[in-house]
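The data below hold one chain only, encoded as structure tokens and taken in the form predicted alone.
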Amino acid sequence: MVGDLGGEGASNVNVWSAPTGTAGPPGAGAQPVFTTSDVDELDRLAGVREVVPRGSAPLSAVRSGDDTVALQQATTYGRPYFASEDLRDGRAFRQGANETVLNPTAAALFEENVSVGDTLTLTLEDGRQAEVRVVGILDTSGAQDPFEGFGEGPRVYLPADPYYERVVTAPGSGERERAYPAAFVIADGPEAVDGVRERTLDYLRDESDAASLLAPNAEFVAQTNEELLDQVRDILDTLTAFVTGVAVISLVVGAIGIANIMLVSVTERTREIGIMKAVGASDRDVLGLFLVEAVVLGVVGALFGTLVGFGAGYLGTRFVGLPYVVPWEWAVVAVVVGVLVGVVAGLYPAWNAARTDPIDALRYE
């Protein structure tokens, strides 16, 4: 998703309203205040290519044939959102049609994988049922917009007409219109994003229906994908610094442990060292012997730690719903670091063993 934010999504301005000071991911605390009239007016602003309103349709279950799975909600878009390159199979849904697009995870929820052309039965939150035809399967289960987070859970996408049902009396027209909690204002290009963002906020604050519907303690938020990407980078940098600190502490503790083991080993094998030297072993031979032992300890510890780290990483990504990627290059780095730690930690004990006087060593009990 981070790559998407900096790629085709570089022209997007993500707009929502939330209580002042609300912390959290994009869309946190969003209120349904953007009317259909607001969407049309935003579409007319200079530099705007397209505006896509976003909402959700509460669900309780989805059925395919005799197989039923529980799902809490579907994402709705008020205008075309998916491009042909976003789809592995089929096409995007049309407004006003009983059609749906699924991500691969949702399509695989059922005993028999759902494919284009199949019919699903949606059970809405109020108990009503609706039959929809699957017209497209997305190419990936990753998040399709910043409001979805970073997980790869099952997602169902529907047209706002007829499935998004939140309506209000629009202050401007006096008519009942859909009111959306969020919208994507798509600029003509990345170079126009900043100007579009400013014009969007000016319209919303001064002329929109949303300004009248907005709660007294709420504000409009217009965030570019570049700003969101900066936030993600800051979080990743903080996490990286924390993990690096833990790793450095672990290396120091590991080095101390290896050094301690080697010192004990030298002490316990003092008489053996004396015998080796008495039969012709050089200081270099003794030094190499104990260095090799220290390196073996470092490598074994690095391999074991790498396996534990991979396992913990897998469990962590499953828990938070992120994709699991095996960083093989870091596994190699871990082994190399293990060797270096073994050499550094074992150097003094090995040197201490090498300089042992053979006569004193043979007298050692």
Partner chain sequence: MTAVPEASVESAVSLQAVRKRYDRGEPVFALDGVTLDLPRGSYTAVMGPSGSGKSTLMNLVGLLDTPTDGRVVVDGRDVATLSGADRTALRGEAVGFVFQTFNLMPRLTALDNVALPMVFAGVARANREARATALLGGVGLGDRLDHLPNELSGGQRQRVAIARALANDPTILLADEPTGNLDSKTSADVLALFDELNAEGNTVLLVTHERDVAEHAERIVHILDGRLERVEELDTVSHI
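Residue numbers count along the first chain shown, from 1. Just so it is clear, the structure is predicted and the values come from calculations on it, not from any experiment. Throughout, rigid core stands for the largest set of C-alpha atoms superposing within 1.5 Å between the two forms.
We do not show the form predicted in complex with its partner chain, though everything after this point is about it.
Quiz item: Should the three residues 222, 226 and 229 be counted as contacting its partner chain in the model of the complex, with contact defined as a heavy atom within 4.5 Å for each?
Solution: Checked in the model of the complex: no contact with its partner chain for any of the three.
Quiz item: For the chain shown here without its partner, which stretch in 263-271, 204-212, 67-75, 125-133 has non-hydrogen atoms within 4.5 angstroms of its partner chain in the model of the complex?
Solution: Answer to the contact question: 263-271.
Self-check item: Partner-contacting position among 83, 235, 279, 243 - heavy atom within 4.5 Å of its partner chain in the model of the complex
Solution: After the contact test, the surviving option is 279.
Quiz item: According to a 4.5 angstroms non-hydrogen atom cut-off, is residue 198 in contact with its partner chain in the model of the complex?
Solution: Result no; residue 198 lies far from its partner chain in the model of the complex.
Quiz item: Using 4.5 Å between non-hydrogen atoms, is residue 275 touching its partner chain in the model of the complex?
Solution: Residue 275: contacts its partner chain in the model of the complex.
Quiz item: Heavy atom to heavy atom, is residue 194 within 4.5 Å of its partner chain in the model of the complex?
Solution: It does not: once its partner chain is placed as it appears in the model of the complex, residue 194 has no heavy atom within 4.5 Å of it.
Quiz item: Do residue 139 and its partner chain come within 4.5 Å of each other in the model of the complex, heavy atoms counted?
Solution: The answer is no: residue 139 has no heavy atom within 4.5 Å of its partner chain.
Self-check item: Flag for residue 280, CA shift 2 Å or larger between the shown form and the other one after aligning core
Solution: Residue 280 C-alpha, core-superposed: shift of 2 Å or more.
Quiz item: Core-aligned, is the CA shift for residue 120 between the shown form and the other one 2 angstroms or more?
Solution: After core superposition, the C-alpha of residue 120 moves less than 2 Å between the shown form and the other one.
Quiz prompt | Shift of residue 289 between the shown form and the other one at or above 2 Å (CA, core fit) | solution = Comparing the forms between the shown form and the other one, which are aligned on their rigid core, residue 289 does shift its C-alpha by 2 Å or more.
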